[in-house]
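For reference, the chain that follows is the form predicted on its own, supplied as structure tokens.
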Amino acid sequence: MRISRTWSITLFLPFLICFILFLVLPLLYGLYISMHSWSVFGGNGGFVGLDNYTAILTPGNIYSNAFYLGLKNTLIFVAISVIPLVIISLGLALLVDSIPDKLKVYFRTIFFISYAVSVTAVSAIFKWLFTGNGGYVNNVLNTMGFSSINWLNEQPYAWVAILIATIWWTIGFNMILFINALDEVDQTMYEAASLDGANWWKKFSYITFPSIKGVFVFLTIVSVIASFNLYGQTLLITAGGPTQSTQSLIMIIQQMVFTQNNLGVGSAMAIVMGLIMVIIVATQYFYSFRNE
């Protein structure tokens, strides 16, 4: 069926309007604010050029100290979370894909249902699980003869608690996309590989992974972006502690805007954070497809 140019524009226009209203204009407005001395209650205090960027990037002042602390903590979380989020979800997808079709729908629902839970509920559950005094995990450890661990007030246990909560909460989304990609793999290739005597690992290496590589790269990029946006879990489970070691860059920006009433510096931090994310994601994409 051929669609006329008028219909094409009509169907595309709502998405274009939403893209401009909710992405382009806020980005340009944030860039404008970042070049001004701006407070939430006092409004625009005048053009300052790149002073806000200089303040957060030049070491030795409170703005740069806060920015680099939040950036370091965020990068730590990105480094420890992306691989488990992708690999574990792929493993679950392969496991679910291997069971009979009639049972797949139930396991898809079981694993995906956690993704529908709000971050507030997830954080409340895992804060109770990992509470040092009387928490469920420590009770289990004590029953098994181990001593209690101060999960939420000592490193690296605080990161472990946040990581487990994040994996449990978000892994269903990645798993569903992997399952859909696995459903699209040509089954005749597996049959041919079986006739040639290929084992499971060779089938995965030469058939499965090349067929789902696009989804794998996409989910890796999405996981990096999601991990950069770490906020709710650290705010509600550890409150940024112990000693600000889990205070993410989003938390720093939120405090800069609403606690210190400095919208200009907060916007500059958000713009720099966005640029760092673009560089990392573009590098990922380039190295993933450089041989194709």
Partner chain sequence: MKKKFFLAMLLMIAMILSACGGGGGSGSSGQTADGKIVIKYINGFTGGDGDFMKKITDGFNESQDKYVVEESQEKDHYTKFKTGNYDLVVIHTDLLDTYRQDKMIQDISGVMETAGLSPEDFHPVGKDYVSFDDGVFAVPLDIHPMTMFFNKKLSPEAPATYDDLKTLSATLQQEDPNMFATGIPSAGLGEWFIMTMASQNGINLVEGNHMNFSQEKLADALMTYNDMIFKDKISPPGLGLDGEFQAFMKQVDEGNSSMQTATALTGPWYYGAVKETYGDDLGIASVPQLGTQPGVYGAGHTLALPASVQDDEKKAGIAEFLKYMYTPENLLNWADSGQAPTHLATMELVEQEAEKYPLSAQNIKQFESFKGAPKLYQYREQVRYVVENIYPKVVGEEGMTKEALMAELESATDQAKQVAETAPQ
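No experiment lies behind these values; they were computed from the predicted model shown. Positions refer to the first chain, counted from 1.
This protein has a second form, the form predicted in complex with the partner chain, left out of what is shown; the following refers to that one.
Q: Tell me the stretch among 221-229, 60-68, 27-35, 45-53 that has any heavy atom within 4.5 angstroms of the partner chain in the model of the complex.
A: Among the candidates, contact is made by 60-68.
Q: Please tell me whether any heavy atom belonging to residue 199 falls inside 4.5 Å of a heavy atom of the partner chain, as the geometry stands in the model of the complex.
A: No, no contact at 4.5 Å.
Q: Verify the contact flag for residue 127: yes if a non-hydrogen atom of it lies within 4.5 Å of a non-hydrogen atom of the partner chain in the model of the complex, no if not.
A: Looking in the model of the complex, residue contacts with the partner chain include residue 127, since a heavy atom lies within 4.5 Å.
Q: Report whether the minimum heavy atom distance between residue 134 and the partner chain in the model of the complex is within 4.5 Å.
A: Residue 134: contacts the partner chain in the model of the complex.
Q: Taking heavy atoms only, is residue 275 within 4.5 angstroms of the partner chain in the model of the complex?
A: Flag for residue 275 set to no.
Q: From the list 114, 148, 155, 211, which entry has a heavy atom within 4.5 Å of the partner chain in the model of the complex?
A: Going through each option in turn, the one that passes is 148.
Q: Does the trio 139, 244 and 255 actually contact the partner chain in the model of the complex, every residue with a heavy atom within 4.5 Å?
A: Checked in the model of the complex: all three residues contact the partner chain.
Q: Only counting heavy atoms and a 4.5 Å limit, does any residue of 173-197 reach the partner chain in the model of the complex, and if so which ones?
A: Contacting residues: none.
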